[in-house]
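Take a look at this single chain in structure tokens; it is the form predicted alone.
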């Protein structure tokens, strides 16, 4: 487990990208306060997923509106799946890794 930032860095309903050991990770703060983490780059054309629109279950790439399930990383639009990472909050810190 590793702290990569603070929850306050991400407004509810948005995402931010964090560099972790040379890898870019997109962390999303859902409106219910829960967090999700995926690879930061769209596998289709390299769009910045943290800038995409999210709801409770999915993220849309801002470039071509391809969709992925935020929990499983499964594509909802025929693209390759995303890598997903376990993430949670602990005392306002974003912790990457299993609790």
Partner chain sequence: MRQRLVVIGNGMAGARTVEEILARGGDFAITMFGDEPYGNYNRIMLSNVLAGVEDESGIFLNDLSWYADNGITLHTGTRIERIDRFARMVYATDGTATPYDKLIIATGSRAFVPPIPGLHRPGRGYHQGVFAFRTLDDTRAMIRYAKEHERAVVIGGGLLGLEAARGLQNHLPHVTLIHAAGHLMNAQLNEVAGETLRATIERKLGIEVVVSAQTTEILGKHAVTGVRLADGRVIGCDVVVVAAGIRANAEMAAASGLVVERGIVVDDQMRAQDEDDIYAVGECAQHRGETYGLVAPLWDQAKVLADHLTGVNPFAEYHGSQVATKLKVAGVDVASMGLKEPERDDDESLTFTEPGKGVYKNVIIRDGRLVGATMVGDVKKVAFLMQAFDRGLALPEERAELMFDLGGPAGEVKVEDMPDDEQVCNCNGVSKGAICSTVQSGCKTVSGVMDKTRAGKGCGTCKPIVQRIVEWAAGGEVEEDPAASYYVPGIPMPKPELMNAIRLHDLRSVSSVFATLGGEEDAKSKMGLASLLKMMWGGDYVDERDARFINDRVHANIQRDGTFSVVPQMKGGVTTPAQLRRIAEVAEKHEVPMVKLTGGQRIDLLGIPKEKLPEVWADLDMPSGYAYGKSFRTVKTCVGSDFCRFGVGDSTALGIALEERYQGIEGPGKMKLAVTGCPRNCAEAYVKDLGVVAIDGGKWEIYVGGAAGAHIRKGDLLTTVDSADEVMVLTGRFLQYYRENANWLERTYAFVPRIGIDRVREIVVDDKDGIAAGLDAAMEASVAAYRDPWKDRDQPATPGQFRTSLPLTVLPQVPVRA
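Predicted model, so just to flag it, every value in this text is computed and none were measured. Positions refer to the first chain, counted from 1.
One more form of this protein exists, namely the form predicted together with its partner chain; it is left out here, but the text below deals with it.
Asks: According to a 4.5 angstroms non-hydrogen atom cut-off, is residue 50 in contact with its partner chain in the model of the complex?
Replies: It does: once its partner chain is placed as it appears in the model of the complex, residue 50 has a heavy atom within 4.5 Å of it.
Asks: Would you classify residue 24 as touching its partner chain in the model of the complex, given a 4.5 Å non-hydrogen atom cut-off?
Replies: Result yes; residue 24 sits at the interface with its partner chain in the model of the complex.
Asks: Classify residue 66 as contacting or not contacting its partner chain in the model of the complex by the rule of any non-hydrogen atom within 4.5 angstroms, answering yes or no.
Replies: Residue-level check for residue 66: yes, a contact with its partner chain.
Asks: Since only the chain is shown here, I'm wondering whether residue 35 would be in contact with its partner chain in the model of the complex (any heavy atom pair within 4.5 Å).
Replies: Residue 35: no, not in contact with its partner chain in the model of the complex.
Asks: For the stretch 5-31, which residues lie within 4.5 Å of its partner chain in the model of the complex by non-hydrogen atom distance?
Replies: Heavy-atom contacts within 4.5 Å come from 8, 9, 11, 12, 13, 14, 16, 17, 18, 22, 24, 31.
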